[in-house]
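Presented as structure tokens, the chain that follows is alone, the form predicted alone.
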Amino acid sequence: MLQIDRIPLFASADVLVIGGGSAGCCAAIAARQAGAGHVILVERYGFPGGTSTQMLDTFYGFFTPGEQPRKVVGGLPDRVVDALDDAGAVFLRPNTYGAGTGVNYNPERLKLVWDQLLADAGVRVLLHCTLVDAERDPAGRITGVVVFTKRGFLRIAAKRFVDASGDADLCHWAGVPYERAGDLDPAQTLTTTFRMSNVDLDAYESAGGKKMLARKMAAAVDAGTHPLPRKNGSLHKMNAAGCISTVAVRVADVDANDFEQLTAAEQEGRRQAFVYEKFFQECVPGFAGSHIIGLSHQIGVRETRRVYGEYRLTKDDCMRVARFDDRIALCGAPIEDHRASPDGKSEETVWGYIPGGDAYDVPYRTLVPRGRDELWVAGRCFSATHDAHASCRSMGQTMALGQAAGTAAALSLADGCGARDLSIEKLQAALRATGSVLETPTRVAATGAADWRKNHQA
């Protein structure tokens, strides 16, 4: 056990955000904009963005899928994409693979965009800084954290906390109850994404594109010519000419909170990526001269710990298009559950579409851990069941949840109240003032167009 009282105090904050992914960045920026004087963001890697910059290049969740997509995310997430658009680093992908219109971006440019937005908001960012413990008072209330850096162990004190770590690390160290992925339902599989260059995309599309790819993958698995882990997967063009990005690798039965299991998963993900490279080069038109030019910074983890909140979003809430008085975000993304088949030899992606192409409400109470007043969660560790989480984990929604959590933390300080006593009306008014979408829009956004601004101002 760490002797916390012997660890030097490094800094104090009004709001401390753990995790600099898309949810954490939005939480920190929102907290500053809502009036918090000193906001610190702690991130273990050397750049912000989390999944958005480590492994993916497309935001989903901004638009509902279907023939008449509706834009259901706004506010800070729009500012992120606007900045990418200003740099010519974004385009809209049509509704392929069923998840709705995707906002494709250059992930390297996005690192800089997050840097600039955080700096402009006045957030103090601490990179290469890893949470290792929580400091609590005799009543169990969190009063600070312990982080590990190249200077050794340091303490950071704060008045309010947002756990946007993805893995609910702060909640774990503070003794907040949670469900571990795999305890009640099979945990979703992990994926190492990879990128390939020198792809002749015209030849690929002329040969049949994604339908042709699906046939060739299935044939390779059935014939045993290439040991692919699944019969289906996706690839799409990137902002860089002649380059593609994939979601194809599948690593199952991993507890991503166990470093030994995660080590093995990282190694297996890299092995599979180069199995795919050989398959693409030998079997897929347009790929003969292509090569892998990059792997995701770490293997992509879809779920680990999900906190038990004041309310738990359920599959029934998603499928009945639930309405809540304390809504702080909307979600129309389908349930997209990546799971291994019973024989463990293939993957079954289970889809569940929101009826009528609609969007359900996400209640504020899913951001508040049960019984807590100083702590909020945002991103993929928020309070939801396995199925509901498989819908609401899209990055459009994680950014919206982060924006709501950071705003709530700042307002609670201003009003001198805890998370559970916060005025929902005041929070919703603050979110609407920044452009957040809290009512299902009736206007339709054109899908697949190249102009982001035309779509998000539709």
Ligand SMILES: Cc1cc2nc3c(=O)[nH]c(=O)nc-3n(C[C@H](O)[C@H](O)[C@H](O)COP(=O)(O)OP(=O)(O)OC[C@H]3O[C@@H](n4cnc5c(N)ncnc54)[C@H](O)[C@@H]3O)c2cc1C
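Numbering starts at 1 and follows the sequence shown. Model, not experiment: these values are computed from the prediction.
Just so it is clear, the following notes concern the form predicted together with the named molecule, a form of the same protein that is not shown.
For the three marked residues, 19, 60 and 393, a heavy atom of each sits within 4.5 Å of the named molecule in the predicted complex. Interface residue among 130, 314, 267, 261, judged by heavy atoms within 4.5 Å of the named molecule in the predicted complex: 130. Residue-level contacts in the predicted complex: of 378, 362, 318, 73, one residue has a heavy atom within 4.5 Å of the named molecule, and it is 378.
Heavy atoms of residue 301 reach within 4.5 Å of the named molecule in the predicted complex, making it an interface residue. The closest heavy atom approach of residue 50 to the named molecule in the predicted complex falls within 4.5 Å. Proximity of residue 403 to the named molecule in the predicted complex: non-hydrogen atoms within 4.5 Å are absent; the residue sits far from the partner. Contact check for residue 33: every heavy atom lies farther than 4.5 Å from the named molecule in the predicted complex.
Contact with the named molecule in the predicted complex, judged as any non-hydrogen atom within 4.5 angstroms, is confined among 80-88, 276-284, 164-172, 177-185 to 164-172.
Contact annotation for 23-47: residues with any non-hydrogen atom within 4.5 angstroms of the named molecule in the predicted complex are 23, 24, 42, 43, 44, 45, listed in sequence order.
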